[in-house]
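So this first bit is one chain, no partners, the form predicted alone, shown in structure tokens.
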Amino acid sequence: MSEEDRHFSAELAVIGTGLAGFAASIFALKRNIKTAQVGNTGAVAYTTGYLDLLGSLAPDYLASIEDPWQGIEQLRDSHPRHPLCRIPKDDIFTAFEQFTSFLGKCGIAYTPPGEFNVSGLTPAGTLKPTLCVPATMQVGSAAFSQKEPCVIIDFKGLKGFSSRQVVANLKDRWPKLSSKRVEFPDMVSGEIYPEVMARSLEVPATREKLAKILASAAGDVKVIGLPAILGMHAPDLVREELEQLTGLQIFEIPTMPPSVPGIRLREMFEQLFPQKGVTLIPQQKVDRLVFIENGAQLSLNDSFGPISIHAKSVILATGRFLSGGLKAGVDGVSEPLLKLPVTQPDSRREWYREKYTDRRGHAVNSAGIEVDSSFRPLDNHGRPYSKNLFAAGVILAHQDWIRGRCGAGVAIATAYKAVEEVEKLLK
């Protein structure tokens, strides 16, 4: 393939293959914006599948909040520079609605955004406040709310998920919860892995075998919880068939990352985006980004050689440290692609508190780039770096998405606003 065959043109280039990058491409598709997306390994596979808006508030993040919308109003007073405080409620709601609707049409159904958080179960047996959950997990949240009798199932040889641990940590709040360990069909010896189990359940014969095991393990209980293994590409159909075969209500609980719900999302995006017209170049790092008179030029390489992309606009959604959007070094935190200034503590000594587990979090986790009201990154002089450059996701400063349990909220809402600004620019 010649270098001439490796040039692409687009109205929008999205740099990043994490949740913010994929959300930006979804919103661009809805607006019929010709899009190219490229990025190094994103963190989608490491997510639980839950879509948090806001689950806890500073300064100490002690209590989970039930009403994330009221929580954002409180943030506007205490942390007005938080990315979520710069977006109207109606736009945040629309962003979640459009994002979950897209996922559902592509085969992974989600509960729609509501007025309150729901309780999502974790593999440690704790509860996580979240706005939207995969349909495969909805029964679990409802069963916990109603305190229905329930059996949590784990499997011999599966590491990182213990039904006894889940029950031990939830027993006080869910008295009729119990645990049972069973053997997964045709995997009776050695260590087994959630991804392998999920792919095996796409075979009807395996589902039939598992259904008999689950029906026996449930006894008189009508609700059972499983680690997230209900298929990779059609989880709702797998769950529906298992429920029909067993007569039970079944739900999933995320396992330790990388978890199957995150892998499902990543594979769905990578398979469907090209079919919908997105030029998708995953698992590749942009080496150079230069802004020119009529847009921007991106340069990168893959195993076939150099690639260039010309785009009229760019959304920087490169994430934080795990994805390479930010780098930490002896001289501080930096943004490696464009050398954008990073808001951060004055000294490395101020990055962390004395205790790693301090509930107030650590200052370095709020480091990031600054943007204007149109989500354009700012340069060292406080001016937009380029009228054609926008940013979205957790690369933005003034948010601690881990402590605030707002990673998906920041990603989805800011991607929505960035694409909205791109659309204005293109008109």
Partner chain sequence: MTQKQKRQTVETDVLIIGGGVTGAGIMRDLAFRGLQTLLIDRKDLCAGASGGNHGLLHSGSRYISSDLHSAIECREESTILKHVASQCIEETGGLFVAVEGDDPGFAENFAALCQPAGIACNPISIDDAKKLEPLLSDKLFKAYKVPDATVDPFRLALLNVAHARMINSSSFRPHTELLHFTLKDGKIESATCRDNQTNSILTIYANQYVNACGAWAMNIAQLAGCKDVNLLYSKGTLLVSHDRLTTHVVNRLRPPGDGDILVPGGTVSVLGTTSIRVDDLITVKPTVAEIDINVREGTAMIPALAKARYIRAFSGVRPLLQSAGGSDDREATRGFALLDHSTQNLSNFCTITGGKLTTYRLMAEKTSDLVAGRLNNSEPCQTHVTPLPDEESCKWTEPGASPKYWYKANDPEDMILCECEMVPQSAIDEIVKDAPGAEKEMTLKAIALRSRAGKGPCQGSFCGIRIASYLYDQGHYHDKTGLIHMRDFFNERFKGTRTVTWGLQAAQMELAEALHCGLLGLDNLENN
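Residue numbers count along the first chain shown, from 1. Just so it is clear, the model here is predicted, and its values are computed rather than measured.
We do not show the form predicted together with the partner chain, though everything after this point is about it.
Just one listed stretch, out of 27-35, 58-66, 385-393, 372-380, contacts the partner chain in the predicted bound form at the 4.5 Å heavy atom level, and that stretch is 58-66. Residue contact with the partner chain in the predicted bound form: residue 293 places no heavy atom within 4.5 Å of it. None of the heavy atoms of residue 106 is located within 4.5 Å of the partner chain in the predicted bound form. In the predicted bound form, none of the heavy atoms of residue 398 sits within 4.5 Å of a heavy atom of the partner chain. Although the partner is absent here, residue 90 sits far enough away that none of its heavy atoms falls within 4.5 Å of the partner chain in the predicted bound form. Only one of 123, 231, 113, 225 comes within 4.5 Å of the partner chain in the predicted bound form through a heavy atom, and that residue is 123.
This chain lacks the partner; the member of 86, 209, 312, 348 within 4.5 angstroms of the partner chain in the predicted bound form by a non-hydrogen atom is 348. Residues of 244-280 placing a heavy atom within 4.5 Å of the partner chain in the predicted bound form, in sequence order: 256, 257.
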